[in-house]
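First comes one chain, alone, set out as structure tokens in the form predicted on its own.
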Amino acid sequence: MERDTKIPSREEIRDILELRHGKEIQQKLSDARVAVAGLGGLGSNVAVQLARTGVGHLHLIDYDCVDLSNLNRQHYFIRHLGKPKTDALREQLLEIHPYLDIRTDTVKVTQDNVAELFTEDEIICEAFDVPENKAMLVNGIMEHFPEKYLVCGSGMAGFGDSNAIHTRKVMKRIYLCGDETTEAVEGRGLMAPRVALCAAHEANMILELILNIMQQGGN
């Protein structure tokens, strides 16, 4: 028999987050606007971590639906099979924090819609699988939004050295997380632990941007 669960009030959740993080820090997190482009192994885990931390405005972007092959590393469950990833992830995030402002776009990011999609976001998390799509997004953000921050992922396949996953600043407002070399190939696929490690690096870098670097103008 299922037990009815009372949803905490907005004030109760805010007070708990402020107790954990401090009032000033939590206010910065609550005000932040982050887009997650690609809701697979990287993006779904990044979004969950940001929601748990209390980042107030999340923009979820993906055109795909959840399928069985996703469950080995992506933050979805059997009940989500066949659902658009945007809807499935939004459902989960609101179970974590029911007062988040979540915008979803169930579309494929292309060079033609970058300028429209990311207008309201301060930080963009790149979480695509295909290298060409990664490059397209980086080039699009640099062209249309040079003032915005971009956190990317590269190299996280297999079960290799955890310490090889790192975060590196590659340009003034662009950061790269991963080992930068290990691609998914036959016999060395994407596995939950290492993908989650890279996602944690991306989420942690986003928090660093919100709480420290953005306040200094990106220096």
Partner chain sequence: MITVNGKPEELEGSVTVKEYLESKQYRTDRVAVEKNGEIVPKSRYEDTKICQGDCLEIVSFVGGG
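Positions refer to the first chain, counted from 1. Model, not experiment: these values are computed from the prediction.
As for the form predicted in complex with the partner chain, it is not shown, yet the points below apply to it.
- For the options 30, 53, 154, 167, the residue carrying a heavy atom within 4.5 angstroms of the partner chain in the predicted complex is 154.
- 142 is the sole member of 107, 81, 142, 115 with a non-hydrogen atom within 4.5 Å of the partner chain in the predicted complex.
- Of the heavy atoms in residue 73, some are within 4.5 Å of the partner chain in the predicted complex.
- Using a 4.5 angstroms threshold between heavy atoms, residue 96 stays clear of the partner chain in the predicted complex.
- For the chain shown alone, residue 134 is a contact residue for the partner chain in the predicted complex, at least one non-hydrogen atom being within 4.5 angstroms.
- Within this chain, residue 68 is remote from the site of the partner chain in the predicted complex, having no heavy atom within 4.5 Å.
- Of the candidate stretches 40-48, 158-166, 22-30, 59-67, only 40-48 has residues whose heavy atoms lie within 4.5 Å of the partner chain in the predicted complex.
- Of all the residues from 165-184, those having a non-hydrogen atom no more than 4.5 Å from the partner chain in the predicted complex are 170, 171, 172, 176, 180, 181, 182, 183, 184.
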